[in-house]
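Just the one chain here, laid out as structure tokens, in the form predicted alone.
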């Protein structure tokens, strides 16, 4: 096969609120697709300077936390195979107060630059945190505003969507990704976020024991027509 016969590189754009969202929620999926050659761009709206943990015992404060969490996120990206990291430089816990039109326009610009096949973000009401919901709402509006035909998915927590009927959804609304082959990378990313995970003893158990805490699958809600047309076990 010569270079003219090669398939185009697939691209994924993940737009989240804080360092660790990518690892704690969908690290297995990101590692899986990175290992398959997908070019991943991660956007973090904040540097997580208002994170509730500062190490165990505490060794950070509000002045030092942002720099530490940026470094940790870069290490997590390396573990997961994420090639591009962008910060929007919004203060933690203030995303919901950011001018919505300006935020949406910034994300529209990123969509034009990256030209993603798949966009991951939070659901605007089911995100579980005001920052999550705000960045998800802006990203959803940006994708629609650009008219881009990438597939939109909303990340979900744990195995809640194993039974989507409890939340008013059908199994056809959900994509279920098998990540069992990528749990080592997910664990490494968890451990990279040291100041947030040192207090969780299970994270630091021997690898095989720690990985038993992870589910085999990660779940995503289909967010637009392009996603709805995809297979149930593959974001692409």
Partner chain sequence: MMTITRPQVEAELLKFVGADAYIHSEATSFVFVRNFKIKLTHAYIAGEGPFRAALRFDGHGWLRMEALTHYEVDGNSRLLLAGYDDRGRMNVALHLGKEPFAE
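Numbering follows the first chain given and starts at 1. Remember, predicted model here, so these are calculated numbers, not experimental data.
Keep in mind that the form predicted together with its partner chain is missing from the display, and what follows is about it.
Please identify, from 58-66, 23-31, 176-184, 40-48, the stretch that has a heavy atom within 4.5 Å of its partner chain in the predicted bound form.
Only one stretch passes the 4.5 Å heavy-atom test: 58-66.
Residue 144 versus its partner chain, in the predicted bound form: is there a non-hydrogen atom within 4.5 Å?
So residue 144 does not count as contacting its partner chain.
Whether residue 106 contacts its partner chain in the predicted bound form should be assessed with a 4.5 Å heavy atom distance threshold; does it?
Residue 106: no, not in contact with its partner chain in the predicted bound form.
Check whether residue 188 has any heavy atom within 4.5 Å of a heavy atom of its partner chain in the predicted bound form, and answer yes or no.
Residue 188: no, not in contact with its partner chain in the predicted bound form.
Verify the contact flag for residue 171: yes if a non-hydrogen atom of it lies within 4.5 Å of a non-hydrogen atom of its partner chain in the predicted bound form, no if not.
No - in the predicted bound form, heavy atoms of residue 171 and its partner chain never come within 4.5 Å of each other.
Single option in 91, 74, 84, 123 placed near its partner chain in the predicted bound form, where near means a heavy atom within 4.5 Å
Result of the distance check: 91.
Where, within 190-216, is there a heavy atom within 4.5 Å of its partner chain in the predicted bound form? Residue list please.
Counting only heavy atoms within 4.5 Å of its partner chain in the predicted bound form, the single contacting residue of 190-216 is 199.
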